[in-house]
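Single chain ahead, written as structure tokens, the form predicted on its own.
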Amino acid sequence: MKKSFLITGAAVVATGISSAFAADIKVGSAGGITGPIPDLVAPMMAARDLAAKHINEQGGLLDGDNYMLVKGDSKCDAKGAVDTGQKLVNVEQVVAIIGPNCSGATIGMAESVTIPAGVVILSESATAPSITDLEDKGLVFRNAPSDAYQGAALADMVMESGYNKVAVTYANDDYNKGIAEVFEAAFKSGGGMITASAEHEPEKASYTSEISTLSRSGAEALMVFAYYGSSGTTIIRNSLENGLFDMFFGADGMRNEEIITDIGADNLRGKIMVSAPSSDTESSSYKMFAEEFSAAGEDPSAVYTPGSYDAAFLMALAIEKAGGTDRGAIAEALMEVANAPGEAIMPGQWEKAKAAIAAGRDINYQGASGSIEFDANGDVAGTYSLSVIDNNGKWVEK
């Protein structure tokens, strides 16, 4: 991989040439900056940027090169992700990509762009079970657990909350269809009843007709598998306004402050619970991240932000371990820096990691989101919690 050195305004391409000028090592930072979940994505992008800041402040990559995150708007859909991936890989010449956030976007970018180009991607939030089965040549990783875990965990939590008969509505996209399928199978296996299930198209002005049909099924609650910004908020508003359902469950695509702002905390409190991956907030790794992220004016409890920091830090560790910018070597090194055994490295400890790698010692990154151990498919396990709306009108873990 060639490096570009900016000297007196001219780009000079050089390979293996020593220079007093630091290079920019470009890594794509792809996310749904626009689309159905921009408010959820914004703090995730900020967490990635914080990791890059820590790395550059502590010596940078390799011989002092700048860790440069090149942003790309994948729009939370396959077409937007393919367009962004092509720009990042072919124009910006990134050596790896963090993201995209959404499952359909991740699958589209991987299949059409990054796998053919031999570029590794690491998503902190693409959770569709189908990603596991991609023919990815070892190039697709995610440090958020598959919805094969979340759907089953949510089924258990719904029944533990006292609801045994539910109706299901799910958006027509990879993420929401995938988690709905897992949830329904797990819920029925555990003794619950799916009274009705229906797919819906995102971005409709009203879902009253569809929800009216589901409400006549005898369900005690409505499972809403949707992104809050594309259909989830509208479904819940239609349900409440028309007296169709008064209890709702959802997954991480619904956990955002915007739904509270739009519908009102008093209208939702005690009527909605959503699942999301959970970090151990008492761990040293999480506390190190949370302190720094809070100091930057951001909310460390925002969904997926600890994992977003971890994804950016892990990719830098892989580049350092690879000893250069060869795309294939970076992909191979990613699992090595994440998985045990090795010297424990926590968020912010770039100098320590850099010294260990230089000395030839193995490292084992202990993330803000938890221990990250990739399996052969590039997946990780995880834990989940239910969030509710507190008396201050904020999402909190139950």
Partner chain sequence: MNELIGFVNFHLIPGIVLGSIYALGAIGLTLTFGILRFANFAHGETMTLGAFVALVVIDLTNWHVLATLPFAMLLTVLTVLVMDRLFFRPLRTGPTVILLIASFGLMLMMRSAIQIIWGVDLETLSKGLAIPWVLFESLRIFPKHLLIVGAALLLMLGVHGLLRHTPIGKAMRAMSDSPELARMTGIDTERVVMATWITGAVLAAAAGVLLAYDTHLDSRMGFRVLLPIFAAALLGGLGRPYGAMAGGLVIGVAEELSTYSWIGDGPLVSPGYKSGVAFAIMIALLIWRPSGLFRGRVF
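Computed from a predicted model, the values in this text were never measured in an experiment. Numbering follows the first chain given and starts at 1. In this text, rigid core is short for the largest set of C-alphas that superpose within 1.5 Å between two forms.
From this point on, the text means the form predicted together with the partner chain, which you will not see here.
Heavy atom of each of 343, 371 and 383 within 4.5 Å of the partner chain in the predicted complex: Contact check failed for every one of 343, 371 and 383.
How about residue 204 - does it come within 4.5 Å of the partner chain in the predicted complex, if we only consider non-hydrogen atoms? Taking the distances in the predicted complex, the answer for residue 204 is yes, it comes within 4.5 Å of the partner chain.
Residue 161 versus the partner chain, in the predicted complex: is there a non-hydrogen atom within 4.5 Å? Contact with the partner chain, no.
Answer for residue 210 alone: is it within 4.5 Å of the partner chain in the predicted complex, judged on heavy atom distances? Contact check for residue 210: yes, within 4.5 Å of the partner chain in the predicted complex.
Distance check, residue 148 to the partner chain in the predicted complex, heavy atom within 4.5 Å: Contact check for residue 148: no, nothing within 4.5 Å of the partner chain in the predicted complex.
Based on heavy atom distances of 4.5 Å or less, which listed stretch (315-323, 284-292, 185-193, 236-244) is in contact with the partner chain in the predicted complex? Of the options given, it is 236-244.
One residue of 362, 332, 39, 351 in contact with the partner chain, assessed in the predicted complex (non-hydrogen atom, 4.5 angstroms): Exactly one listed residue reaches within 4.5 Å, namely 39.
Residue 210 C-alpha shift between the shown form and the other one of 2 Å or more, rigid core reference: Result for residue 210: yes, a 2 Å-plus shift.
Rigid core fitted, is the C-alpha displacement of residue 125 between the shown form and the other one 2 Å or more? Shift of 2 Å or more: no.
So that I can tell if residue 173 moves, could you say whether its C-alpha shifts by at least 2 Å between the shown form and the other one after the core superposition? After core superposition, the displacement of the residue 173 C-alpha between the shown form and the other one reaches the 2 Å mark, so yes.
Did residue 173 and residue 117 drift closer or farther in the predicted complex, going by a CA distance change of 3 angstroms or more? Farther, not closer.
Quick one: residue 260 and residue 293 C-alpha atoms, closer or farther in the predicted complex compared with this form (3 angstroms or more)? It is closer: in the predicted complex, the C-alpha atoms of residue 260 and residue 293 lie at least 3 Å nearer than they do here.
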